[in-house]
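Shown below, as structure tokens, is a lone chain in the form predicted alone; questions about how it binds or moves come after it.
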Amino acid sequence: MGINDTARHQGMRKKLVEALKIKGIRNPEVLSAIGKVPRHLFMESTFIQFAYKDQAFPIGAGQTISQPYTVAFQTQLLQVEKGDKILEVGTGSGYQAAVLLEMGARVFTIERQKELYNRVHKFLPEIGYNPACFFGDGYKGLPGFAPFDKIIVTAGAPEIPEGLISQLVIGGMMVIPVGNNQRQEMKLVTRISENDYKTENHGDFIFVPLLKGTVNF
């Protein structure tokens, strides 16, 4: 990659991967991707000392770069396979998209905050990651590009959006945190047939809220 990714940064990533293993992340592909994606490049340089701590951090526009454990947990739940066509709702910093791309997925990512969209769709290709980036309302997904093998939602939703489930292939899966602004439950939704899906619960998390509509500025 070569863009300001030093041996020190790589060493810090190794430590982060070890910490995630201790917390229960077992999928070797997920751990490998976390070990490769230079998270410090997704944050302002003044925060470099926090880049490989297992914590969330503000990135502007009232959003955060998710805690590495949360990224790893959602990605592990999604059972990503090489070649999977994945919709990400909430591009944010672009870090989650980079992890999915590192795992060999084809990533379509949508962001409603214009400031973040403008930054990320230029920045990711500069460091070697090329998802299809869209500015728009994540609640609606990307029906023109559906169906998707997997969908990952990186903001807390008040309910499971039916419109997103309809964009999954039969047998496809969506990982989404559902709840109020204080607490959400991580859900794994599997589309079983045209009209049926099953839901599993996988513990409590806290995300920024998934908002409807787009923001123009």
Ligand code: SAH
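For every residue, the number given is its place in the sequence shown, counted from 1. Keep in mind that what you see is a predicted model, and the values were worked out from it rather than measured.
There is also a form predicted together with the named molecule; it is not shown, and the following applies to it.
The named molecule in the predicted bound form comes within 4.5 Å of no heavy atom belonging to L101. Contact check for I65: a non-hydrogen atom falls within 4.5 Å of the named molecule in the predicted bound form.
V89 belongs to the set of residues with a heavy atom inside 4.5 Å of the named molecule in the predicted bound form. The named molecule is not shown here, and in the predicted bound form it never comes within 4.5 Å of any heavy atom of E115. Stretch-level contact check against the named molecule in the predicted bound form with heavy atoms at 4.5 Å: of 107-115, 125-133, 142-150, 75-83, the positive one is 107-115. If you take 136-161 and check each residue for a heavy atom within 4.5 Å of the named molecule in the predicted bound form, you get G136, D137, G138, Y139, T154, A155, in sequence order.
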